[in-house]
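Before any questions on binding or motion, here is one chain by itself as structure tokens, the form predicted on its own.
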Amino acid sequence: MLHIETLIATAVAKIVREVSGEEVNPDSIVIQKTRKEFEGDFTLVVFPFARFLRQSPEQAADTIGKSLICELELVEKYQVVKGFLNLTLTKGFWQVFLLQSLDDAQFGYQKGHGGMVVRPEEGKKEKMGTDRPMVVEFSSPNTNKPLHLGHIRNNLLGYSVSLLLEAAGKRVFKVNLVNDRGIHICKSMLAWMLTGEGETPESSGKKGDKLVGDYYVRFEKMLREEADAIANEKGLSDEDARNEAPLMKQARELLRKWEERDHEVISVWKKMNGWVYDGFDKTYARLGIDFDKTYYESDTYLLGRDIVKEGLKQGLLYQKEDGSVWADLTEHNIDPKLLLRADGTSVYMTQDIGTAQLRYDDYGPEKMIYVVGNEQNHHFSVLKKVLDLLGKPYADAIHHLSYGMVELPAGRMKSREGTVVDADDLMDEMFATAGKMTEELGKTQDFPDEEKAVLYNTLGLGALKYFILKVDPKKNMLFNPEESIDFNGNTGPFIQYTYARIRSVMRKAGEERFESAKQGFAGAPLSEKEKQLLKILHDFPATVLEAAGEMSPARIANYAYELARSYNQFYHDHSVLNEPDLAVSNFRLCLSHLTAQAIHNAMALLGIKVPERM
């Protein structure tokens, strides 16, 4: 495929060298898309070369423009606007670009590792080097409740970022860290032990994660009753009353027994976690999410504790009189950080230290990307500094991909009150809404029931994923299920319907017609809307790289919408198959095919499927 920016930059560097004798690095030359209010396709920023050419910016632009016309056949004309040179490319360039891209099923992706995961050989450590992989951690659920809407944004964001990095040519390992230990896990366990009467997912007919989540909510209700009574009796604050409550003391005792590997407690812990993992797997499968490896905090905290003890032995950390271990971060204007409590138990920071070491040992990554909400910004800033204090070579590899919270029109969700939006329930609602709206629009009249179900699932999940991923990750967002399923506007179903519309055109044309079309559109005129569509298609590879660099699926989502919108404008004004000029019809058929390929590939980077027909 033609990389026009590279060709122009190389030619400009050559022109400047020949005219002035000055060497210019083509990579430093700034070439932008021409703004819509000006004529042209690409714009060269000329100001840096004016002093080399000993001319005003306008004169330098004119000098370079005249030389480019001679140097590059693909430049048709130019326009000088102050210190900017606007270049218009020939129709032939755009037609060659289209022809070269037609048979590329991976159009827009970098060749190399993109689209697949390359794992180290079994039992062999990945060597450090220039081609080190990226490790992306996402999901990171607790085993005391099912996945909810907040987890959905985390999962979709982490999965899409992994796909983007692969499409940019990186090797990527998708990992999960399950928070399977701690006081919150013990709360669900204790409520089940006290009130469960042996209830199981099988006996209750509930998914395992939902069953355990119900007991977490039950614990909090029971604790609320005890705490309110104590607060009224002793005049304590809510927090002090909760800590004084017998139920909370029992939960802490359960955690202590877990730490001591009490046989009965460990048996209940394994049983209930097993229920949860089975439930998680069903939800992940439905979301289309998978992982290359899953870590468990019940393992990583032990390694973290050993690393902290070694740091203390080396004098990198210090111990207080009560036996607790701390990191001195005062040189960074940060308060000292607790790493081991007085009783020797770990804190979250300790287990994150262990997790980082495990991933370094497993993959030797270029970056360890943590997809975690923005309420943990300070935590990850401190983690990097603690790892640096401990002399870990991977401290700078830590990257926190911080994202905003998801809220509903009704307000913020609260797990302990049971007011979260369950991920499975939300997907059920999206499926039902997609079916209702699709049938109302008459888009499935000749579909058998099985095909309808597949389509409704594709549209429902597409609407959910697109609505969430089109928002800049750093921003908080309001999720409205009804707004997300709309066949008009910036939504997943609008883009999916555009793809299905193009595929309908391609089916009517047939494979034989398409193959002949690729050889028969030379000389066809180029309308403004056709050229606009080609320019958007040409932007796709660069957009993928930019989105990967920014770790922002929103860049791809909004690109896909712009492409679909542009195609619909073109389709409204131009006939494809009924165009009497065969060369023009052939050109439009090929243009439609590449647009469908780009939509398919862009949506795939968001984890979204596109239907062949609607």
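Remember, it's a predicted structure, so these values are computed and weren't measured experimentally. Start at 1 and count along the sequence shown; that's the residue number.
Just so you know, the form predicted together with the RNA exists too; it's not on screen, but the next bit is about it.
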(request) Give a yes or no on whether every one of Ser139, Asn154 and Ala524 sits within 4.5 angstroms of the RNA in the predicted bound form by heavy atom. (result) no
- Are any of the heavy atoms in Asn488 no more than 4.5 Å from a heavy atom of the RNA in the predicted bound form? yes
*Examine Glu407 and determine whether its closest non-hydrogen atom to the RNA in the predicted bound form is within 4.5 angstroms.*
yes
**Message:** Test of understanding: in the predicted bound form, would Gln357 fall inside 4.5 Å of the RNA by heavy atoms?
**Reply:** no
Exercise. Is Asn86 close to the RNA in the predicted bound form, meaning a heavy atom pair under 4.5 Å apart or at it?
Worked result: yes
Assert contact_stretch over 288-296, 198-206, 475-483, 222-230 against the RNA in the predicted bound form, heavy atom within 4.5 Å, equals 475-483
If we test each of Trp269, Phe97, Phe494, Tyr78 for a heavy atom within 4.5 Å of the RNA in the predicted bound form, the one that passes is Phe494
Checked 562-598 against the RNA in the predicted bound form; residues with a heavy atom within 4.5 Å, sequence order, are Arg565, Asn568, Gln569, Tyr571, His572, His574, Ser575, Val576, Leu577, Asn578
